[in-house]
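One chain comes next, on its own, written out as structure tokens in the form predicted on its own.
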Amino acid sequence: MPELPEVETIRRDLAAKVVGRKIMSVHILSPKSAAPNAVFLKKNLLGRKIIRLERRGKLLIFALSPSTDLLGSKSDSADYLLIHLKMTGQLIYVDKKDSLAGGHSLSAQAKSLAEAVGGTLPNRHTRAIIGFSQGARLFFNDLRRFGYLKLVGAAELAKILQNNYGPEPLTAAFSLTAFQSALTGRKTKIKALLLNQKIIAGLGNIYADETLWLARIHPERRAGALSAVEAKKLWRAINRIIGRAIEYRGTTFNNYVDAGGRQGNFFGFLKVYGRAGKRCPACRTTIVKSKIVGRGTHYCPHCQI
């Protein structure tokens, strides 16, 4: 699943292509992928412009120009298109000059965009197509159909963000005080807490493992048992890892293609994730992979205590 740095890379690259563009056509090929339903999406997207492309955690938020009903009055009942790629979603923008893709790659050794997205578009994984002027199109593909497109109003968006997303790394809301408060009294394992989007928005398996290694904390430690010094080290590690991953356009190996069809450059900086059986770069102990809170977890048994 793409995590915060990967989705931020997608957001930045797609924004340059779709912001200011008018939606000329909408084709929903998989009703399951559309909410509240395919008819509502098509009716309320046609003719509107994308005025901003934002993100919260792993959620992409397309802000739309106001819609106008038959009486000419403006409505704010559906001004935001939400797209979540979940585990296997893809967004592919195609026009006469460019082809950009972001999301899950269908091939670990994909040598072309077509291999990464499952063949010539549209293909059997295509769930929706949004058309713009001059033949430009945005394809939403999803192998396992966990991802979605959802049209909401401002009030519903605010509720979704409040109820489902905690503060993001690198923001003022993600202060050391707030992080320490989130740890206090928690008996859950620290790996599980880092993956909880309601506590910290945007972290996933890759960056949870990397931040725990950098902070030298074992992933099975109880969150509430961390000392103040350990909490501060982990908070700093989260901000450092996420900041650097965004700078280098995320991590690419077998499940991520960025919005320019380029390989992410943070892969070479990974210290433990995907390196089971190799030596820890700090102490040369063999890196271990085990299942913790249902997720494959990589750590150094010597450095992380």
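Computed from a prediction, not measured in an experiment: that's the story for all the values here. Numbering starts at 1 and follows the sequence shown.
Form predicted together with the DNA: not shown, discussed below.
The candidate stretches are 227-235, 172-180, 203-211, 132-140, and the one lying within 4.5 Å of the DNA in the model of the complex by heavy atoms is 203-211. When contacts are defined as a non-hydrogen atom within 4.5 Å, none of 11, 20 and 259 contacts the DNA in the model of the complex. The DNA is not shown here, and in the model of the complex it never comes within 4.5 Å of any heavy atom of residue 266. Mapping the unseen interface onto this chain, residue 87 counts among the residues with a heavy atom inside 4.5 Å of the DNA in the model of the complex.
Heavy atoms of residue 249 never reach within 4.5 Å of the DNA in the model of the complex, leaving it off the interface.
Taking non-hydrogen atoms only, residue 282 never approaches the DNA to within 4.5 angstroms in the model of the complex. Heavy atoms closer than or equal to 4.5 Å to the DNA in the model of the complex belong, across 1-18, to the residues 1, 3, ordered by sequence position.
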